[in-house]
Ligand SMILES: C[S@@+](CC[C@H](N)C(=O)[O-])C[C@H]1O[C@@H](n2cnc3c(N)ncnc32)[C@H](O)[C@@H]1O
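Given next, in structure tokens, is a single chain: the form predicted on its own.
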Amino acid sequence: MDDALFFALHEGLPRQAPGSDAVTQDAVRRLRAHGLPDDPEVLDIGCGPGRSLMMLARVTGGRVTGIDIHEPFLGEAQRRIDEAGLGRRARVERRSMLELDALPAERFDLLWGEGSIYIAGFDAGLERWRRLLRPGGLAAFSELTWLTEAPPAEARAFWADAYPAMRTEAANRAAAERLGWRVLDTVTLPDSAWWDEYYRPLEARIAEWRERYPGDAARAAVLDAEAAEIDLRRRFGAGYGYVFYLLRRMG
């Protein structure tokens, strides 16, 4: 897939992955029950245009740093921060999630990633980023997860190509524990978190591009791939979903 066209297709949409403000707030509420400080230092890994970053700045009471490598997303996130007057609580910087070794160890109270840890790999992210947390620090990552041990063959074939590392919740829990984390809670995103602010706006954008760029083979390939993913969710969504893994660093 053409990455530039993919990003262009998604720019300006409400979200870049399934999620909702309500789910973000619920995850923070659950972490409060596990000792999240009143004024935490937070790292939002793969913050995109800043939707979760803004919510975290509002509801955690802390200071949130968002990182991403896509300049247009960072520009949009910064505009949101400026317009909301949250400059004292939120900031963004261009930094790859694959290159966080330069950050000081034990700097943060909370690591956050909505729909982004797959880029590093669930296991690799948990292993490499653990050092960034203070002892006993918390993390919340949403990860694409099989919700059944026997998903439909068509869904399994699609994700075997698109995301072959996808596993069940039990397998992800076991991996996290093996890598030095305690799984405090898990939350499966509701179907509305896929459709309301992600797939429906994306479907509208796809229809707009098909009308605007007839005969453009490169764009058509991107649109067909995105439409196929949406169609798969519509038919087989009960078999997979995003699960928030709420974790504590052990040791």
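Here the structure is a predicted model, which is why all the values come from computation and not from measurement. Residues carry their position along the shown sequence, with the first being 1.
Below, we turn to the form predicted together with the ligand, even though it does not appear here.
Visitor: So which stretch, 94-102, 158-166, 143-151, 173-181, is the one near the ligand in the model of the complex (non-hydrogen atoms, 4.5 Å)?
Guide: Going by heavy atoms within 4.5 Å, the stretch is 94-102.
Visitor: Can we say 40, 60 and 86 each have a non-hydrogen atom within 4.5 Å of the ligand in the model of the complex?
Guide: None of them does, since no heavy atom lies within 4.5 Å of the partner.
Visitor: Examine residue 69 and determine whether its closest non-hydrogen atom to the ligand in the model of the complex is within 4.5 angstroms.
Guide: Answer yes; at least one heavy atom of residue 69 falls within 4.5 Å of the ligand in the model of the complex.
Visitor: Report whether the minimum heavy atom distance between residue 115 and the ligand in the model of the complex is within 4.5 Å.
Guide: Contact check for residue 115: yes, within 4.5 Å of the ligand in the model of the complex.
Visitor: Spell out, yes or no, whether the shortest heavy atom distance between residue 73 and the ligand in the model of the complex is within 4.5 Å.
Guide: Yes, contact at 4.5 Å.
Visitor: Can you tell me if residue 17 lies within 4.5 angstroms of the ligand in the model of the complex, counting non-hydrogen atoms only?
Guide: Yes, residue 17 sits close enough to the ligand in the model of the complex that at least one of its heavy atoms falls within 4.5 Å.
Visitor: Check each residue of 119-144 against the ligand in the model of the complex and list those with a heavy atom within 4.5 Å, in sequence order.
Guide: Just 119.
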